[in-house]
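In structure tokens, the next block holds one chain alone, the form predicted on its own.
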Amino acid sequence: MAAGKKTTATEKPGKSRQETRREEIIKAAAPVFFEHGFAGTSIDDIIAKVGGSKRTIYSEFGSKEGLFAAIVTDNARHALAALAPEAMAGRNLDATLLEFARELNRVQMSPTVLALYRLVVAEGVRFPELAKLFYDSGPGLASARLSQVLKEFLERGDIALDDPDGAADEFVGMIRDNRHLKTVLGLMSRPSAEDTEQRAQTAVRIFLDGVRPRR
């Protein structure tokens, strides 16, 4: 019987060496941006941290901006996994929104994404393209995918909405509430898992049912 392909200590089963290396670069490059800021970070700084060559960085990401976008998109991908068609199979809208709220909370309250927010707020005015890149690759992407999901449930007759795009923005805004802003500003520590779960359930209930008692 032929021996199966062995993976290295860093290479993950089911992933190519290139995919594993890409993940390693993204993970290692993020703290460099957070420490030096976007403007203060050079490709040489990133190489000093992750190893390799400029050719590797440019061939994989195209530019420093491309690498930053990959960091944002990689984190957004985890939140959007809850809205993937295979993840939604057999779920009603309540369960779909709740799982999305949980994942979005987890991702946006992670140390990496909190640091991304702080970096973009600090440098977004000087680099408006950076702010747009962050929004389009992160929060905007989440709203766009949720809007697609709402339209699917609208077509089934499960909900009644005049503006799915606006509703998606409202729901994402409910998840990115004042707790998130306080945490970004350092006014409070990251919320507990119990608090996060309660907030996710409350957001789904208010979004779907409102706050007025039913008569």
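Numbering starts at 1 and follows the sequence shown. If you're wondering where the values come from, they're calculated on a predicted model, not measured in any experiment. If you superpose the two forms and keep the largest set of C-alpha atoms that fall within 1.5 Å, you have the rigid core.
Omitted from view is the form predicted together with a further copy of the same chain, to which the following refers.
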Just one of 23 to 31, 66 to 74, 157 to 165, 51 to 59 has residues with a heavy atom within 4.5 Å of a further copy of the same chain in the predicted complex, so point it out. 157 to 165
Is Glu152 part of the interface with a further copy of the same chain in the predicted complex - any heavy atom within 4.5 Å? no
Does Ile46 reach a further copy of the same chain in the predicted complex, with heavy atoms at most 4.5 Å apart? no
Quick one: is Asn178 in contact with a further copy of the same chain in the predicted complex, heavy atoms, 4.5 Å cut-off? yes
Is His36 near a further copy of the same chain? Define near as a heavy atom within 4.5 Å, in the predicted complex. yes
After a core superposition, would you say Leu98 shifts its C-alpha by at least 2 Å between this form and the one not shown? no
Please determine whether the C-alpha atom of Leu80 is displaced by 2 Å or more between this form and the one not shown following superposition on the rigid core. yes
Out of closer and farther, which fits the Cα atoms of Val72 and Pro164 in the predicted complex compared with this form, where the change is 3 Å or more? farther
Between Val72 and Asp177, do the C-alpha atoms lie closer or farther in the predicted complex than in the shown form, with a difference of 3 angstroms or more? farther
